[in-house]
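Just one chain follows, in the form predicted alone, and it is written as structure tokens.
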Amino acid sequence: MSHIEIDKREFEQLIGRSVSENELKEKASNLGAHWNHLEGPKWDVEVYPNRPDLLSVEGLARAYRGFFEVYTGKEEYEAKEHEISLEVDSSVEDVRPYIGGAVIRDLELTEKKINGLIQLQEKLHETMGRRRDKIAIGLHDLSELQAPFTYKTVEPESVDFTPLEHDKPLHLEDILEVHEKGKEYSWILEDAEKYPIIVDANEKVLSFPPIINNQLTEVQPSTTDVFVDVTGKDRKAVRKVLNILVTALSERGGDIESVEVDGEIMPDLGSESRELDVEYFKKISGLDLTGEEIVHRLEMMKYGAELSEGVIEVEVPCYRNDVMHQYDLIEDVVIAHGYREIEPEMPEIDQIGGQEAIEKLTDTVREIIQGTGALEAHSFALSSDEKLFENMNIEKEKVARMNNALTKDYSVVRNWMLPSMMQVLESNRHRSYPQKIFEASDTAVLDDSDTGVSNRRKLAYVHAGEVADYTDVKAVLQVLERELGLELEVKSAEKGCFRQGRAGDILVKGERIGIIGELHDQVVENWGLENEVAGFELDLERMMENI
């Protein structure tokens, strides 16, 4: 959660009407931003991470103009034809490859408005920006600059300028050691041999992203024209943050002007199109609304919407980054309708709750494997390409990926369990051997379901020690076979993670439900282990179908 402090008078001015304290406390919080009164006109607003467009008074006012039905429907933003271009040098590809730019002209700024902009900038840095690593923002007074601009990297000691909140010029390397912001964010550039900068036509430095801007371009109350740059490592995030900033500044009366960035015109203020099926909405939400009523509620949430033959064409505003599925639209319609307007009702069918069959089987399997002397592990479902594929010596496969992963070490959802067991062994290298470890838990596999991915319950078992071979793990598999009353067959097969000739597929009634073998020496070395490892993995859901 992010908290921002706003002035209620400013909010009312932007929304176009007065709003009572009770309205803010009771009704406004239903939108997904919780309002708490501090003192006088000051309010603290708590914003959910999925709505970074609400991290400013301008964004809040825009959303509540629709929610309070002052002005419903999608806001239209247009960018005037560009006068400024920005060239991107290929040297930034290995450091910070993406940049977006835009100009906002004819602003009427005050100290309070500038403080609000800085608050939005810093909140975006902390949330979408992953502490400036993923994206970083620069706001510059355009009056001191001469286009065209260039984004490039330079040697750390070759350029100097006077950074914000400093009184004399510093080289880039000195900024990282001396300046408060340099010390705080130098970790982002610790592997870079050259540092990124943005310069104007006269080689004046605008910014040293993601660290600090030049004092020369500091935005003041007298500033009327602002150049916005967003640099980062994620192309989509750079463009979305640029849209959030320029539309917020447009809400202040500024005129958006595009910038040509290496041949591409930015910002792209066009809408993304989505479809919402009326019958699907009724089925998922349980609300019996007409197509016209759903359209009205979408417009209250600031979407563009048009009904045609039972399907609503929805225009998603350019500043929203959280709408990926019909579920997201359905949620917004229900928010606009009001959760308190939903009449609770008892289910029409009588049933007794009970444990799912797969949970019963999983509990049974756990008891059986524990009976062989193995310890149960509980590892993370999130993993990485390196752990799932590179360390396991197999070809990379398609897996469910995180859009906004905090770190690449936890950027994908595991599709098999053995890598998780190897990670546990890696963490337990200082413990005594032999080690027998297992886990029965969920993986995620891509499929044709509505979300494109489904959970799949799997079991993995590993045995590590000076002598740990196929026979050891086959014995555990046979215990499982006997206790569950299965007839398992092991058929010789090759897989990159296992030693050649020491691996096989596990079959039941001719269907492949798992793998077994001795882990390849290269795999053992990749995980930093010094003992031999053997193991097996079973798809418990496929196995259950054959019990």
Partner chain sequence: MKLSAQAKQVIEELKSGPITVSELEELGFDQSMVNRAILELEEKELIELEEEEEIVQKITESGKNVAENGSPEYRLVEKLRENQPVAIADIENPDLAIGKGKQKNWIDIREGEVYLTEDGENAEDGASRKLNSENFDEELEDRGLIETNILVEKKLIPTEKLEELDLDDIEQEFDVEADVKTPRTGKRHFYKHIMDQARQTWLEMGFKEMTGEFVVPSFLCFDALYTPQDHPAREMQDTFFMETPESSDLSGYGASVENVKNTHENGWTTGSTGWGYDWSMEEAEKNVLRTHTTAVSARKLNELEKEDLPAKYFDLSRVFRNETVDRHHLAEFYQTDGIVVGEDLNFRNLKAYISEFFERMGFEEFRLIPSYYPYTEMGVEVQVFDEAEEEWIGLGGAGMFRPEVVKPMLGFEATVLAWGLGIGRIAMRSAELEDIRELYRNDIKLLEQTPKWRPENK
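It should be emphasised that the depicted structure is a prediction, and the values quoted were computed from it without experimental measurement. Positions refer to the first chain, counted from 1. Think of the rigid core as the biggest set of C-alphas that the two forms share within 1.5 Å after superposition.
Below: the form predicted together with its partner chain, not depicted.
K.L.:
Does its partner chain get within 4.5 angstroms of any non-hydrogen atom of T72 in the model of the complex?
P.N.:
So T72 does not count as contacting its partner chain.
K.L.:
Is V399 near its partner chain? Define near as a heavy atom within 4.5 Å, in the model of the complex.
P.N.:
The answer is yes: V399 has a heavy atom within 4.5 Å of its partner chain.
K.L.:
Looking in the model of the complex, any heavy atom of G286 within 4.5 Å of its partner chain?
P.N.:
Looking in the model of the complex, residue contacts with its partner chain include G286, since a heavy atom lies within 4.5 Å.
K.L.:
Taking heavy atoms only, is L375 within 4.5 angstroms of its partner chain in the model of the complex?
P.N.:
Yes - in the model of the complex, heavy atoms of L375 and its partner chain come within 4.5 Å of each other.
K.L.:
Tell me, out of H171, R130, R252, H166, which residue has a non-hydrogen atom within 4.5 angstroms of its partner chain in the model of the complex.
P.N.:
Of the candidates H171, R130, R252, H166, R130 is the one lying within 4.5 Å of its partner chain in the model of the complex.
K.L.:
So which of E93, E87, E359, E306 reaches within 4.5 angstroms of its partner chain in the model of the complex, heavy atom to heavy atom?
P.N.:
Looking at the other structure, the residue within range turns out to be E359.
K.L.:
Could you tell me which of 292-300, 221-229, 413-421, 469-477 sits within 4.5 Å of its partner chain in the model of the complex, going by non-hydrogen atoms?
P.N.:
Of the options, only 413-421 has residues within 4.5 Å of the partner.
K.L.:
Flag this candidate site as yes only if E21, T150 and N213 all have a heavy atom within 4.5 Å of its partner chain in the model of the complex; otherwise mark no.
P.N.:
No, the whole trio is out of contact, none within 4.5 Å by any heavy atom.
K.L.:
Pull the contact list for 380-396: residues with a heavy atom within 4.5 Å of its partner chain in the model of the complex, in sequence order.
P.N.:
Residues within 4.5 Å: F380, A381, L382.
K.L.:
Superposed on the rigid core, does the Cα of G232 end up 2 angstroms or more away between the shown form and the other one?
P.N.:
It does not, since the G232 C-alpha is displaced less than 2 Å between the shown form and the other one after the core fit.
K.L.:
C-alpha of G101: shift of 2 angstroms or more between the shown form and the other one, rigid core aligned?
P.N.:
Comparing forms between the shown form and the other one, the G101 CA shifts below 2 Å.
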